[in-house]
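This document starts with one chain, in the form predicted on its own, laid out as structure tokens.
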Amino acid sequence: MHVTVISPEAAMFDGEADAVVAPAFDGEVGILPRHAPFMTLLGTGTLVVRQGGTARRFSVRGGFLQVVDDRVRVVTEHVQGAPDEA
């Protein structure tokens, strides 16, 4: 599935992933490939994007997560972590 993580300051990640774990406003959500369409507000916590045996971690606060057509879009008010190098 294709994952995009953006904030007003920067695009932090744009690429393929095997799984996403996100801090929704009411608890963690896990997203795997071919997930049903879904949308949730984000809370504060750690967003994890798994690619094979590696995991990229981002600290996020606010915003939303959307899943449509095997694409995950994370639009957050604030994000910290290593920017996308690709």
Partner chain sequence: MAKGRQLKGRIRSVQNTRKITKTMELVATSKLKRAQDRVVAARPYAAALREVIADLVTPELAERFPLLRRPAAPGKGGPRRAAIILITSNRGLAGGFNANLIKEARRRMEALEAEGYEPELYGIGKKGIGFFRYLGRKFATERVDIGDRPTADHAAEVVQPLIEAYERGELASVDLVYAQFQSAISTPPATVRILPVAAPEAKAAEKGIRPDYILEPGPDELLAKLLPLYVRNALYRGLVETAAGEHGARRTAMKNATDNAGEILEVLKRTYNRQRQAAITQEISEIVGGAAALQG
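Residue numbers count along the first chain shown, from 1. All values reported here derive from a predicted model rather than from experimental measurement.
Keep in mind the form predicted in complex with its partner chain is missing from the figure; the text below concerns it.
- Among heavy atoms of Ala55, none comes within 4.5 Å of its partner chain in the predicted complex.
- Heavy atoms of Pro23 never reach within 4.5 Å of its partner chain in the predicted complex, leaving it off the interface.
- By the criterion of a heavy atom within 4.5 Å, Val75 is counted among the residues contacting its partner chain in the predicted complex.
- Using a 4.5 Å cutoff between non-hydrogen atoms, Glu9 counts as a contact of its partner chain in the predicted complex.
- Residues from 24-57 that approach its partner chain in the predicted complex with a non-hydrogen atom closer than or equal to 4.5 Å are Phe25, Asp26, Ala36, Pro37, Phe38, Met39, Thr40, Leu41, in the order they occur in the chain.
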